[in-house]
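Here's a solo chain for you in structure tokens, the form predicted on its own.
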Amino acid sequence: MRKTEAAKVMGMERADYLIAGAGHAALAAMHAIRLVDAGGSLTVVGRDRQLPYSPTVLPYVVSGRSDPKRVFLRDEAYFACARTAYRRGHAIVRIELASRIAELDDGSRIEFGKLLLSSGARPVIPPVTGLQAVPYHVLRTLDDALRLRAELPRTRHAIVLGAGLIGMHAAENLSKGGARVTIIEVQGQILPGYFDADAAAIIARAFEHDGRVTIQTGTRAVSAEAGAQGGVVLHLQDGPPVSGDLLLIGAGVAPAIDFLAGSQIRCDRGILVDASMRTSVEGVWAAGDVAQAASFYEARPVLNGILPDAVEQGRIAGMDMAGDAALQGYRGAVPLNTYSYFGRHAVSVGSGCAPPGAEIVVRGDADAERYLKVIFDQGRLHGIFAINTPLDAGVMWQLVRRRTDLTSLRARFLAQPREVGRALMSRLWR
């Protein structure tokens, strides 16, 4: 008997609330729903076979700093206490919107009243000729991290394709594991989209000072082939080929929304949502990496795959799904990233694109690896970027989002951004 036929024989599950995904957005939505509706049936479907965890911990699993058995955000008892059916190791592959039925990859079907799409993101695999014929790694799941960790003892020279946060984290941990590492980035600097060229150069020097890492920017891989002694050879657009016995693809991620192809749910780069995280279809919401929501800075909706946004969007979606009267709409995406590397610390909050008339203040000491860039727009914080300068990233994020006027505090803020920001927020939060 086929799985679909077996599912029909056993009957169909029914959920008042169905959540696709089990990451930060899903957990926040689940919590928000249960605060209002303690009795409605709730099912969470997560494609990962592991309990929920944060992708931010994966580089530390690779390095051995984090025990893979102790990284989970919730356990089975939590779901049981919340009266939630947790279907892990499964993914929704098709949605019948007219009949409100979701089909899972095992052929089972769930009838739902309200649906939240928070299925996360998948690694982007660049269009490199021959890449699919050679072995490579990605780093998006706990299983990915464990496979990469198992390869470390055998790795002498690793190639990392992409110099975003995933690629740079992985490169550091591969280097600490004893491997030589070559990082290849198509943009003219590392960490594009997070830091400007001056800040990126300071970070790059720390990697090169390590002695095991070589960074090649402004070039792309055009083809890949198996090496004569095993491993991989990458042929570059500019420069000689690079050989390694391990290849890691860290070229970014894209929303995992393939299962929505042909549906009535409006999508662009992600799932288009309003301020309540509602999609174009009644009774369907989206949050987290898949949600293309309003930007804080511009008119067009954007993807903003950061943990605080996932939590906020999930909370808003859950509140709206459960009819919580205290709901306040989403105020727009503000980027926030913190990055630790070789004992140093970098923070990126807000937009680095200064609007007309903005004030840009840059202070730093490249030799001491200190850097601070602050962008003020009419006295309000527009963006702040720092290396080895004490900052509270969460406070900076709130100052941007609240459009807090810093005009009278400008000099003190530039001298002590962490202390002034905390003191200011302690009053605003009361």
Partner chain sequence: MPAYNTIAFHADRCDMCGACMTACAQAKSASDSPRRARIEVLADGAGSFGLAMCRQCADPECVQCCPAAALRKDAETGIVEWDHDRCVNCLLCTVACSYAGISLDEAVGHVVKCDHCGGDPACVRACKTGALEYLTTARIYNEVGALEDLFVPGLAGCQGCNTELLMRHTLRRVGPNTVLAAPPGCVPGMGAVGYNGMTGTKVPVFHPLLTNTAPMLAGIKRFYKRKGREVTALALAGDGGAADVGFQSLSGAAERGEEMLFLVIDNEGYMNTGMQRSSCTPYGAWTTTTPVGRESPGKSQDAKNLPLLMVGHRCAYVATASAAFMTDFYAKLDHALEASRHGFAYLHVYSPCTTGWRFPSRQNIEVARKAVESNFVMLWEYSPEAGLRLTHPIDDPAPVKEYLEAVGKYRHLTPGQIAHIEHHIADNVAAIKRQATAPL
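Residue numbers count along the first chain shown, from 1. Because the structure is predicted, anything quoted here is derived from the model rather than measured.
We do not show the form predicted in complex with its partner chain, though everything after this point is about it.
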Does any heavy atom of residue 70 come within 4.5 Å of a heavy atom of its partner chain in the predicted bound form?
yes
Should residue 395 be classed as touching its partner chain in the predicted bound form when contacts are defined as heavy atoms within 4.5 Å?
yes
May I ask you to state whether residue 308 is within 4.5 Å of its partner chain in the predicted bound form, using heavy atom distances?
yes
Can you work out whether residue 378 and its partner chain are in contact in the predicted bound form, taking contact to mean some heavy atom pair no more than 4.5 Å apart?
no
Contact segment among 378-386, 357-365, 36-44, 53-61, judged by heavy atoms lying within 4.5 Å of its partner chain in the predicted bound form
53-61
Just to confirm, with a 4.5 Å cut-off on non-hydrogen atoms, which of 345, 205, 94, 278 contacts its partner chain in the predicted bound form?
345
Hey, which residues along 332-346 are within 4.5 angstroms of its partner chain in the predicted bound form, non-hydrogen atoms only?
336, 338, 340, 345
